[in-house]
Ligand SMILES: C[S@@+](CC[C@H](N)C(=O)[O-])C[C@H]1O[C@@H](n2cnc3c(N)ncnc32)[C@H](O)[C@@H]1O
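The chain that follows stands alone, in the form predicted on its own, written as structure tokens.
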Amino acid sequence: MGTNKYVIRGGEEGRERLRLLSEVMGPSTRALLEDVRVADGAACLDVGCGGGDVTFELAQRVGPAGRVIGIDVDEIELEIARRESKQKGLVNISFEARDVCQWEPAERFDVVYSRFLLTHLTNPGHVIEAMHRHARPGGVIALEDIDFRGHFAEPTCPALWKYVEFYTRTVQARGGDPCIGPKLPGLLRKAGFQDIRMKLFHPAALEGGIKLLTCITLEYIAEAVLADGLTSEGELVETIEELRRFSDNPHTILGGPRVFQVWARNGPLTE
């Protein structure tokens, strides 16, 4: 899918981070799916599904008459998702190891969705073009992705700004774009989508939530930060500890990246 290396640790550990991310994003993502109007009986595709949290949500929305496919390149995450879908009793769902750009499904989808994938890719436009091919005429694409410049803290927190720099530079070094969010409408327009809509979500917290997620993300990109020579191991440990102290204080405020939610239609609605 045009990415050299995913900067955040994946696998079993990565699944726990994705679970926390879904707790932070859950209400906003569900509101987006309401706007998209995922219908009972719809066929849905979740691109870069990870541990499958949004895939599960889609499966519940489309009901037994619908079907949902989650695709990813991380087999460990996919196996976890398969296990969890069985535990949830979801029989209208499947998880497949696929490169969305190389895959040609037998049928097209009513809804094609992706969250926090495009920011890591060297050629996100190529992936959006593939998603356009996979959406049926009149079908909908829905994307959520970040603008990493959106972080803020009160009072100021030097460790947060170091984290923003570390994350930004490691993603850029691998060909990604940590500030892709505002570019999504233009990318959809270029790919041929119509009726483009947009909302903005900005997570912030006094306790838990995005505070905890920020600390965990810094820990999970540590290997990439050190491999890229952005700091010493000692300074990185100090930064992690400072950020953790700030986040554990219920009197401080931490805001995460701005999240752009963009959806559009593949041509006019057809009956």
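Note that residue numbering follows the sequence shown and begins at 1. The model shown is predicted, which means the values in this text are computed figures rather than measured ones.
The following text describes the form predicted together with the named molecule, which does not appear among the structures shown.
Colleague: Using a 4.5 Å heavy atom cut-off, which residue among V100, V171, A135, I180 comes into contact with the named molecule in the predicted complex?
Modeller: Exactly one residue meets the criterion: V100.
Colleague: Which listed residue (E84, D74, E129, D110) meets the criterion of a heavy atom within 4.5 Å of the named molecule in the predicted complex?
Modeller: Of the listed residues, the single hit is D74.
Colleague: Would all three of S28, L184 and L188 be in contact with the named molecule in the predicted complex, where contact means some heavy atom lies within 4.5 Å?
Modeller: Not a single listed residue reaches the named molecule in the predicted complex, so no.
Colleague: Using a 4.5 Å heavy atom cut-off, which of 218-226, 65-73, 242-250, 204-212 contacts the named molecule in the predicted complex?
Modeller: Selected stretch: 65-73.
Colleague: Taking the named molecule as it sits in the predicted complex, is V24 in contact with it (heavy atom to heavy atom, 4.5 Å or less)?
Modeller: V24: no, not in contact with the named molecule in the predicted complex.
Colleague: Classify F116 as contacting or not contacting the named molecule in the predicted complex by the rule of any non-hydrogen atom within 4.5 angstroms, answering yes or no.
Modeller: Output for F116 is yes: heavy atoms within 4.5 Å of the named molecule.
Colleague: Taking the named molecule as it sits in the predicted complex, is I93 in contact with it (heavy atom to heavy atom, 4.5 Å or less)?
Modeller: No, I93 is distant from the partner.
Colleague: Decide whether L121 counts as a contact residue for the named molecule in the predicted complex under a heavy atom distance cut-off of 4.5 Å.
Modeller: Result yes; L121 sits at the interface with the named molecule in the predicted complex.
Colleague: Do any residues of 161-183 have a non-hydrogen atom within 4.5 angstroms of the named molecule in the predicted complex? If so, which ones, in sequence order?
Modeller: Residues within 4.5 Å: none in this stretch.
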